[in-house]
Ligand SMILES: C[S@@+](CC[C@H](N)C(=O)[O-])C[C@H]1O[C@@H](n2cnc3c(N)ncnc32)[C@H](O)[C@@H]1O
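The data below hold one chain only, encoded as structure tokens and taken in the form predicted alone.
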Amino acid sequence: MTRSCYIHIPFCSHICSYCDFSKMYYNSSWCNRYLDALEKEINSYYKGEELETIYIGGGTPTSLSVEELKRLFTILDQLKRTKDVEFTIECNVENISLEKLKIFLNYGVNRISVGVESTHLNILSFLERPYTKEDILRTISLLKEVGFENINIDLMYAIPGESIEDLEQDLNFFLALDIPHIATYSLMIEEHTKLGNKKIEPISEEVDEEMYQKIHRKLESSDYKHYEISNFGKKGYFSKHNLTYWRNNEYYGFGLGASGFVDGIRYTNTKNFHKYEKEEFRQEEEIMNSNLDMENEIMLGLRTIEGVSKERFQKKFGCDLKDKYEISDLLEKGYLIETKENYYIPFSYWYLSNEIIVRFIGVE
């Protein structure tokens, strides 16, 4: 049964240099037309389940006006929720306001994710993020004053020109904010982004790995658990919504360019606004057969500290994982650890996880 839902808001007041998500400049007329289409999509596909997690992402949801946000939440009121639902919305430092935060509270939002990325003006300029360290401090203080406790902030690293010392300063600043969840991302320079179009070269893999290891050591020594390759949380604050993805559970994806996994079908929505407005929501659909679903179970599960559950795999697919995949070499070399309950990649090899996963599922 589907227990989670992602809603995509593609509008932004500005476009960041690295962004590869479905996005467009904010326009009030287009926004209202988009909300019309979003409501139709939800009405067409939502089946009335009680949802355990809801996540509004983007784009920049907080680029919407107060009235547009109210309308968005009114549309989402039809989504039934469990009593302990985790309800997240992404926010940007430059367009959070007290009035918008009060709207979030009134409509049941209980988790905020803030795209901070860095505190250094030269890096923020490179990423085209329009705020300062002082703005970040004011934003986090405002969130706490309003009553939000479950807060995530994003850290981006491995940025051309960034030093280990720069990263150290960012980490110290983030820790001083005293928030319960930090998501960390190595900069990926994608085609068709501003950075990609400028042919910006990424930093070396050696420096990238050094930064990754430093983040791990620093946050783990400060009461954060590195529970997924890119995510750190204090006890009780792991992202329930993201765990839906990593546990290969089904979820709705509504909105332009959104992806979902419902009734054994993985789908991706169109990124074309005009098609979406004409209710041509789906761009691609793929029916998951047993082999594909097994691969997803492994690829997603091995991103986490808990790994792939033997019992869950047996119940779901009717076979032992070792009967399906030849993994003795990975186990012998220590790239993979087997316990009574699961298989997982030890942290010392997390940086190589993609290669290990390919080797895991590459031979049947």
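This is a predicted model, so every value here is computed, not measured. When you see a residue number, it is the position in the sequence shown, counting from 1.
Form predicted in complex with this ligand: not shown, discussed below.
* Any non-hydrogen atom of Tyr185 within 4.5 angstroms of this ligand in the predicted bound form -> Answer yes; at least one heavy atom of Tyr185 falls within 4.5 Å of this ligand in the predicted bound form.
* Is the gap between Gly59 and this ligand in the predicted bound form 4.5 Å or less for some heavy atom pair? -> Yes, contact at 4.5 Å.
* Does any heavy atom of Asn92 come within 4.5 Å of a heavy atom of this ligand in the predicted bound form? -> Yes, Asn92 is a contact residue.
* Asked: Is the gap between Asp154 and this ligand in the predicted bound form 4.5 Å or less for some heavy atom pair?
  -> It does: once this ligand is placed as it appears in the predicted bound form, Asp154 has a heavy atom within 4.5 Å of it.
* Since the chain is shown here on its own, which stretch among 110 to 118, 225 to 233, 278 to 286, 172 to 180 would lie within 4.5 Å of this ligand in the predicted bound form, judged by heavy atoms? -> Going through the listed ranges, the match is 110 to 118.
* Only one of Asp263, Glu190, Glu206, Glu165 comes within 4.5 Å of this ligand in the predicted bound form by heavy atoms, so just point that one out. => That would be Glu190.
* Asked: Quick one: which residues from 127 to 145 get a non-hydrogen atom within 4.5 Å of this ligand in the predicted bound form?
  -> The stretch touches the partner through Arg129 alone.
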